[in-house]
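To begin, one chain is listed below as structure tokens, in the form predicted on its own.
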């Protein structure tokens, strides 16, 4: 008999752990999501969250399964017709991952009382799927005030949109692609300085020279660069300066007696790395990090992120404007002894810097009376990614204001007639989605439904588009330039959709929405700020802030 083993999240979510890290997966595992709606788009969003391993989810929807649902929602079967849709989808979703808890309510989101809405503060994130503007606005107001992320996702035919509404979102690691190596070429620490001083390229054999880590070659080239300028603090800051460093590096090479060639892999690496490696360390504190360290939140907030940011600010002030050492070295050609020595000293220095930040953190925690909320492990991870912290500040969801901004974007569209006829701008689709919502509110149905000819509904939809534009511009302003960019073919296409919910669009947009929710839960990577539009006609997407 095979004995059962205890469930180990690191095994089940192995590939995710490689992406988010164990701390990120732990954050996902403590995430609870409330989803308003249970249609195809809601189910596809939840599917990805359940497979990712969230702690729990809660579905709120009073709809019952109809025949049309069977063709657009793979989680429903013909036997489910007539059942509460929230219950039917819940049943299938919980089968995907037994470790995830799920529950549902057959209450309409529109029927929730103010007290019910306020109870949503217990969830990590609330997602509104294909809800009306009135429902979105009601939930957004309450959740924004209590800093609970609110995500609105919608699909209409071949168009899908995502809108993230959150007052403040902190990012502990933005996972910037190809970050510059932190080699401290302009500010070497003590042990590194000692190793540089004892390195003499002229006393090395050719084999030792060809296995010298390029970071040491960089420091020796910098020494020669400073000698030539008779300036002990000179540092290459321009492209021409860095090209001069490259030439100095090449001058260090020596020929092999047997072949006469000077080719050497470590020198090739050193030359290739010059442009990125020779950057002022103090300049690695980018504008986004500087804005965080100078924020009033650093001085007052008791939130964990801001506590450690204040400690980081004190560390920077005490260390000549330097961030904590990242502590990792890029791969490079080297003998094992010197590379191991370098890697060890970089790691030890990073730990020492993290300990100093932790000491400052304990001071801040004591000053603000919050106890030891930052662990040593969290502090080390934070310091390792200190140059990649970010903060997003969002605006409250306001459809009236945002419609004005959408119209302003449409006003700025300048394309030739052929392009206008062939491709619809993302802002135009956004406006048409708003117009379709108003159409439904005023006529009780979406354009293109109930068997009404497309040509008739297109005329009615056009009236709503004109009304939205008029409400968004100054009185007596000519709306024709904006209306010209909302083509008749685009309006007809919205009617042709007939409010259909295509599974392929639901799957794609729901997958993206779930990834954005995971970003919010893990405080890693940079979420959409704040609007995403997908056009299934062209398979193109756009993001912009409203």
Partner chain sequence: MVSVDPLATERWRSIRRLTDRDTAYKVPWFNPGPKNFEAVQNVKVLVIGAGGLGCELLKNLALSGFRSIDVIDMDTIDVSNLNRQFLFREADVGKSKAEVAAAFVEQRVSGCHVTAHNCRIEDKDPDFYRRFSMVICGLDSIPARRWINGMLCDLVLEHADGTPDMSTIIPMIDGGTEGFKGNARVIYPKMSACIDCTIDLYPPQVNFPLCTIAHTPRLPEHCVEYIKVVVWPEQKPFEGAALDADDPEHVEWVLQGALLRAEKYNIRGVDRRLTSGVLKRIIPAVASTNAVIAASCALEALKLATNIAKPIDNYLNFTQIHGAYTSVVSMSKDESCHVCNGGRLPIEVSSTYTLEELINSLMERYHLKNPTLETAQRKLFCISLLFPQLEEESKANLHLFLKDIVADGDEILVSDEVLARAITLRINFV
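Here the structure is a predicted model, which means the values were calculated and not measured. Numbering follows the first chain given and starts at 1.
Below, we turn to the form predicted together with the partner chain, even though it does not appear here.
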**Prompt:** Should the three residues 33, 36 and 400 be counted as contacting the partner chain in the predicted complex, with contact defined as a heavy atom within 4.5 Å for each?
**Reply:** no
**Prompt:** Going by a heavy atom distance of 4.5 Å, is residue 78 a contact of the partner chain in the predicted complex?
**Reply:** yes
**Item:** Touches the partner chain in the predicted complex: residue 473 (any heavy atom, 4.5 Å)
**Value:** no
**Asked** Quick one: is residue 339 in contact with the partner chain in the predicted complex, heavy atoms, 4.5 Å cut-off?
**Response** yes
**Request:** Using the partner position in the predicted complex, report whether residue 73 sits within 4.5 Å of the partner chain, counting heavy atoms only.
**Result:** yes
**Message:** Going by heavy atom distances of 4.5 angstroms or less, which of 140, 424, 209, 90 would be at the interface with the partner chain in the predicted complex?
**Reply:** 424
**Item:** Stretch from 125 to 133, 225 to 233, 441 to 449, 364 to 372 whose residues place a heavy atom within 4.5 Å of the partner chain in the predicted complex
**Value:** 441 to 449
**Request:** Go through 40 to 70 residue by residue and record those having a heavy atom within 4.5 Å of the partner chain in the predicted complex; state none if no residue qualifies.
**Result:** 44, 47, 48, 51, 67, 68, 70
